[in-house]
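What follows is one chain in structure tokens, specifically the form predicted on its own.
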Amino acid sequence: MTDGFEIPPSLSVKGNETIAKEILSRIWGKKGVFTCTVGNTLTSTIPGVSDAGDTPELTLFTGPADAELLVLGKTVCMKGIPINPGGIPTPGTLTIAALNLSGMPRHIINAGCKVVPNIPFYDVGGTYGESITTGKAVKDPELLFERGKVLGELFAKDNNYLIVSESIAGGTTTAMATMMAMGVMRENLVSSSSPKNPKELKTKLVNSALETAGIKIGDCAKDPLRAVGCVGDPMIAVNAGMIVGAAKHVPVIVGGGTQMAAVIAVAVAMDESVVGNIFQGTTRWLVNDPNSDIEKIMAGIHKDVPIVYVNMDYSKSPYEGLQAYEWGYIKEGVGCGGSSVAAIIASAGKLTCEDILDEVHRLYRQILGIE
């Protein structure tokens, strides 16, 4: 099936290239459906944990505001657009550019928000996550997983493939805690939206959370939803369910970085048959991040879940806020990598990173009112 199939320069692969090519060749030139699951975890309000918002309190607006931006092209729950300290725009700008160019439909899932987005969305009946320091981070993860599974089945019915993504501030910390509880990761390998990854703080928090929950590293290898319930976030449970529900029928692009690695870990532990029909779709910025190691994380989860990443480059952008992505800020989020990979797939490789960047610039000027 993959004979003669060439991956264009806009995309690169890490991990099992044979499986990556096999999945890509099946969906090449076809259109998928994009979903973004938003939520809150009070872990993000711990000072220093998340840069996905100008202040710790504003991190609770990040997911809902990203959802509004994806659907409405503007935010309603807050003024302006979600930014990191220093005025760096949300990766949602790249997501919207990719979706605009591919013409893919987009849907929002509310996994559990404290700040509810002012748009229509799929509601799985979840509540926002508590801080992982409580040892009781997510209420009823089994229900969230099962409802995610129903959504995955639903989206798989009329589409050639599904893109699953997230926007939940503080999510790399909850992802790290979940993966350590499962034993797929034994050290801090997760990314951060800042070039100054607060590794010591995250490690201390996670170790304390595991202790409070009475979990040693690897205790939840066969009970991943216990890991999510104790030290995860609601998005992880919902998206893992969506992968399991959809991957039985169509390929799934898991759009995101080290946060979504935890989702893959839970999905694979719940149903290993998804392997061979899923890959991680992310960005060059995340893969090349010197302060995290997505390849090592994925190797710990399963050797046959490849990483397909988009070679976006903002170094020549005239806007400093975008150039900052090249300096180690943001890297991933709101499915920006997965949606860009999918846009290139949908165009059968005709769309380039330069085309996507042009659309990012147009959107950036429009959102910020720059002439």
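We number the residues from 1 along the sequence you see. Please read these numbers as outputs of a predicted model, since none were measured by experiment.
This protein has a second form, the form predicted in complex with a further copy of the same chain, left out of what is shown; the following refers to that one.
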Note: exactly one of 203, 277, 134, 118 sits with a heavy atom within 4.5 Å of a further copy of the same chain in the predicted complex, namely 118
a further copy of the same chain: the contacting residue among 77, 71, 217, 101 in the predicted complex [heavy atom, 4.5 Å]: 71
Only one of these stretches, 150 to 158, 220 to 228, 282 to 290, 168 to 176, has heavy atoms within 4.5 Å of a further copy of the same chain in the predicted complex; which one is it? 150 to 158
Consider residue 105 of the chain shown here, and say whether it contacts a further copy of the same chain in the predicted complex, taking contact as heavy atoms within 4.5 Å. yes
a further copy of the same chain contact at residue 26 in the predicted complex, heavy atom, 4.5 Å: no
Could you tell me if residue 250 has a non-hydrogen atom within 4.5 Å of a further copy of the same chain in the predicted complex? no
Contact label in the predicted complex: residue 30 to a further copy of the same chain, heavy atom within 4.5 Å: no
